[in-house]
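This text opens with one protein chain seen in two forms, each one given by itself as structure tokens under the names structure 1 and structure 2.
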Structure 1
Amino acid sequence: MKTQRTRLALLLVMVLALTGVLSACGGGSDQAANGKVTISFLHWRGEDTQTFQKIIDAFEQKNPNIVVDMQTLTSDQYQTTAQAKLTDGSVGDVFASFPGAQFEALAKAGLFTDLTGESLLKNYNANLIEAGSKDGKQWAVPYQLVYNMPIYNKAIFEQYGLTPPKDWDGFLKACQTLKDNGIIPIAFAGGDIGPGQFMNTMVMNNEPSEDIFTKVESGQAKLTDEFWVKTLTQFKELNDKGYFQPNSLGTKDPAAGALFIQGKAAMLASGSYQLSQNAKQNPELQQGLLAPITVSADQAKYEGVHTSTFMLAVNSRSKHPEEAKKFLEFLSQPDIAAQYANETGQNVTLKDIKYDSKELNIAQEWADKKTLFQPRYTIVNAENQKAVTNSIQAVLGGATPEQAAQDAQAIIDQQIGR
């Protein structure tokens, strides 16, 4: 019996020792063995990790008791798996969210910590962080400012005596002039991002109200209404007149970008986020931003489209909310935001930021213009969003605007009925 008790005692000691080792090796947001707190920073901007690591190093120097573990996913993975990863609080003490459908889903799941009244908010332009608010409270702070508008080659426009058109007839005439001179008017990534990007400026002056897609999702309006059928009709017109490159539906973003960078296309239907990337590949490029005005000049309500995205938040399930909030406050300092902007080529939503690059200043020129928040991101149901963009692809594939709108509306009707 004595030998058996000795063995049991030894076994208990071994179990306790192993438990201690496993606790010390635990990652995520658990307390580290050396007394430091480790928090997780989860986002999808893999291309920004080098800059973020510099910022994290500076933060850890000022806050030696906090370690920041950065984790990234691809944007596609982020949209499909982030919510599950955030739910138990072990990942993403500080995390980023897309506006629109993902923000709504995360808010519904209660994963945001209320930031209303936090001092960090005073560093931001209030009108540019509205996408992170809901029900009168600020749940996230959009960090990046993007203009989802076509980029144009200023040198090509000047060569043929063109200026950014003020109405639809002027836009069509400019496209025809370019085509007549052997230039592709619009490089369009119809195989991936093109429909979701170009739809924003195409619909901005056609829609009867800023909340039209909200009304569509609630059943108060339909995609078969004039605003969307007209938009699809104008997409068809551009396609039928040969203003997109051949096989635009089979063209992915890198291939469309290459046409523009090489000077084969005069416009690239993407957004300001590609300005820096284009300049790196062709430093001689003279770039600007323009939006197709789909109505007469006197009927135009908006000059362009903006998006406040990469919405930073504190996870409500975090085991270390105060440390997470400290890191968010650090990211929200103007000098840190300026460092992020200038090193990554992304405009930001904070006040009084000094931009060092030509490309960032191109986008900054639009700060005082009349721009609309990206219409696509006002569609909060992911299936509905897909139905809308798929209707553009359907038209480019040969469907009539009326049929494409009807098919998309049928999907939305299904979602409403659920």
Structure 2
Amino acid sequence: MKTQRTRLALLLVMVLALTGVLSACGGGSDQAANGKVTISFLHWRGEDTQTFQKIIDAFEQKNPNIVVDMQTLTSDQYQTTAQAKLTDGSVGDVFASFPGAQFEALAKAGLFTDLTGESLLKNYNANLIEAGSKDGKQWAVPYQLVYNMPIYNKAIFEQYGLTPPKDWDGFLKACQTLKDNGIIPIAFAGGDIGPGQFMNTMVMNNEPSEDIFTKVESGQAKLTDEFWVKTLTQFKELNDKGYFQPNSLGTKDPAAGALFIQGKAAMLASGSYQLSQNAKQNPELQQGLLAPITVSADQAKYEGVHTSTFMLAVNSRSKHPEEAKKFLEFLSQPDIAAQYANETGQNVTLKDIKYDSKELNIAQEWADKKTLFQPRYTIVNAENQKAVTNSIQAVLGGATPEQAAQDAQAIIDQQIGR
């Protein structure tokens, strides 16, 4: 009995001691005794930590008095918990933000340090970092770049004497040629990412404006307006003419990708992020990016759609803003950004980057073209976003464009009413 009690007491003491040690670890220790300053770098790209660690090592060598402590969350977690963590200023002296809803929320909470006029901005392609500006000030710099445009198989296009069409008639004609030759014109993942990706290029010239969906969300424009009904009608046209693979609504991303990689489909309605993955599975593949032009050639204002994300910023609650800015400047050096791009297979928003791989260069060709920031991302409310992409699914499932637009608008009206 007695030994048991002593044992229990010992266990209790050990548990208490452990708790003490752990809580000591959790405490902030940003100013170490040796005069070094520790800044925290918070982001969600767990898959890039190895590359970032190399960059951090190089940075620390150059700045021996600064230690960079990198923390990553999964992107889901990041959406939900980042703001709370950033608010108390203990982590994320330098942090990344998603464009759209999260950027707006963080800006509203005043967590961004104004970067307007900083020399590091000169390294970026001005058109591609607009997602990080608001009210005329640059709050964050988007680092990664994706083109949300269909990928096409250059070899198949060449075989049938096709080039990326310049207008809607040309696009339909190209699809018909492919179909006549037994090739699926467009592999479309209608079950998951398809509508959300393909809608961007489909709508960009039907309503060539940067804020059409902002207007829809505030009630100034409606999905039942000409631009969206026309977009839905064109989706229906592609579907009715059999330019998507059969039963496209039941197809998911990997299956649609497989059709393209195997050369059964000539186009894949996804985005440039898929290029290197495709090349890995079929090194013979010759890929390019194109966008359906849904109007006549002279009315086409945009050539494609881009998304700039992983928006880097300095926390306004940071205790070491100078050191944090220094790290951001380091990340903004073209050679460092190139290292990041080439090691991770991501395009970046900076100018004059030398890409090693064929796939990154395919996207790079689009840097100087007239591209629109992804319209879907400008829909801030996720329920509205879903209503919009679901109206595409409704049309592909047999509903009329007018009916589908009306149903989606009804949901958006409810959101406006709230």
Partner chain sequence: MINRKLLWLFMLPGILLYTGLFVYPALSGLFYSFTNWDGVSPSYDFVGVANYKDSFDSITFRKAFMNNIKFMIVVVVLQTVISLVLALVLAKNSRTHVVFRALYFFPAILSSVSVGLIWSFIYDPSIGLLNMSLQSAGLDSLMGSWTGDAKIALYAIAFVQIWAHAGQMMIIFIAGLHAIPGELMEAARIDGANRMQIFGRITWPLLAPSAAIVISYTTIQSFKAFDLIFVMTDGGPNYATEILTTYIYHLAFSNYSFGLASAGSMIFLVLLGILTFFQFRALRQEGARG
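By rigid core we mean the largest C-alpha set that fits within 1.5 Å across both forms. Every value quoted in this text rests on a predicted model; they were computed, and no experiment measured them. Sequence positions of structure 1, starting at 1, serve as the residue numbers.
Shown as structure 2 is the form predicted together with the partner chain, with the alternative form given as structure 1. The two rigid parts rotate relative to each other between the two structures, and of D356, G117, G161, N127 only D356 lies at the hinge.
A rotation of 17° separates the smaller rigid part from the larger between the two structures once C-alpha atoms are superposed.
Here the two forms are laid over each other by their core, and the C-alpha of A337 is off by 2.9 Å between the two structures. The Cα position of H320 changes by 8.6 Å between the two structures once both are aligned on the rigid core.
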